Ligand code: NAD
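This document starts with one chain, in the form predicted on its own, laid out as structure tokens.
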């Protein structure tokens, strides 16, 4: 049988909507009928075919890794799930054997195989993953929100790495994940959440998500925003989401002595770092990759507990209009873009 899918057919810019073979679940695998998917920044990299994409993706490949759907078929030996259950899936398929996997830190597995990058993904009517990667989704969670849980998981992992209760937080980079992280930080009890960027549209989305202040660093002063928020010694926690060297060095300069920084943003090139800030202030830096499995239930519980993630969803299209979705992402005038795979 055939199905519709968005395929990186050749090593060049763009995607092709085409018919491909519908996957068949093997032993220990689950076939998921995709209801909705979300466009991620890495999907944009693959669409554009930049250096990162060229070094990671081998066309032809069905891309996409943020989605929600229902179980359509069970492979041999899968007994823990039922056809029709609403699910999503952890996109990092890990070896289960290395030191990190055995200690529960699968996000650091040295042999990770990524859905939509290393194997066919979820920009399709169906996606197949190991049953161990399936995540049950409560029926009271909105599907548009769950469709982007992969990205919400990155924000959750980054934001909750360090204590936030009563703390002052700076976020550099108001991309969709930075915007989501602003809402999580406020929900988790931060006093001030100040986010910096040069994109007024996305800074406004961050304000709607709960940021106490936004700073367009092209024309506004971070120091003034700190003063207005009563931040005297510097920020307690930093979330670096931009991958920009200037933003990172501004963050380290604005941290209090003993401050803690989570690093998620990836840049297009190496950056120059002011080591005096890091060493002189005794800063703790923690690199973040992917999600912890624990983040999946945290996301669900936060949304059930009142965290409203809907402001970050700005565009919705049928999958046949995927070009409009990528156009919105390229414009910078968007948050998360949802593609509907149902009739």
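Because the structure is predicted, anything quoted here is derived from the model rather than measured. Positions refer to the first chain, counted from 1.
What comes next is about the form predicted in complex with the named molecule, which does not appear here.
Peer 1: Does any part of residue 202 reach within 4.5 Å of the named molecule in the predicted bound form? Heavy atoms only, please.
Peer 2: Because a heavy atom of residue 202 falls inside 4.5 Å of the named molecule in the predicted bound form, the answer is yes.
Peer 1: Does residue 168 reach the named molecule in the predicted bound form if we count a contact as any heavy atom within 4.5 Å?
Peer 2: Residue 168: no contact with the named molecule in the predicted bound form.
Peer 1: Against the named molecule in the predicted bound form, would residue 121 count as a contact residue? Criterion: heavy atoms within 4.5 Å.
Peer 2: Close contact is absent here: in the predicted bound form, residue 121 is far from the named molecule, nothing within 4.5 Å, heavy atoms only.
Peer 1: In the predicted bound form, is there a heavy atom of the named molecule that lies within 4.5 Å of any heavy atom of residue 174, even though the partner is absent here?
Peer 2: Yes, residue 174 lies within 4.5 Å of the named molecule in the predicted bound form.
Peer 1: Just to confirm the contact call: exactly one of 95-103, 135-143, 74-82, 235-243 touches the named molecule in the predicted bound form at a 4.5 Å heavy atom cutoff, so which is it?
Peer 2: Residues of 235-243 come within 4.5 Å of the partner.
Peer 1: Would the named molecule be touched by all three of 197, 266 and 290 in the predicted bound form, meaning a heavy atom each within 4.5 Å?
Peer 2: Result yes, every residue of the spot touches the named molecule.
Peer 1: Since exactly one of 192, 262, 214, 154 fits, which has a heavy atom within 4.5 Å of the named molecule in the predicted bound form?
Peer 2: None of the other options qualify; the answer is 154.
Peer 1: Would you kindly say which of 247, 225, 128, 164 lies with a heavy atom within 4.5 Å of the named molecule in the predicted bound form?
Peer 2: Answer to the contact question: 247.
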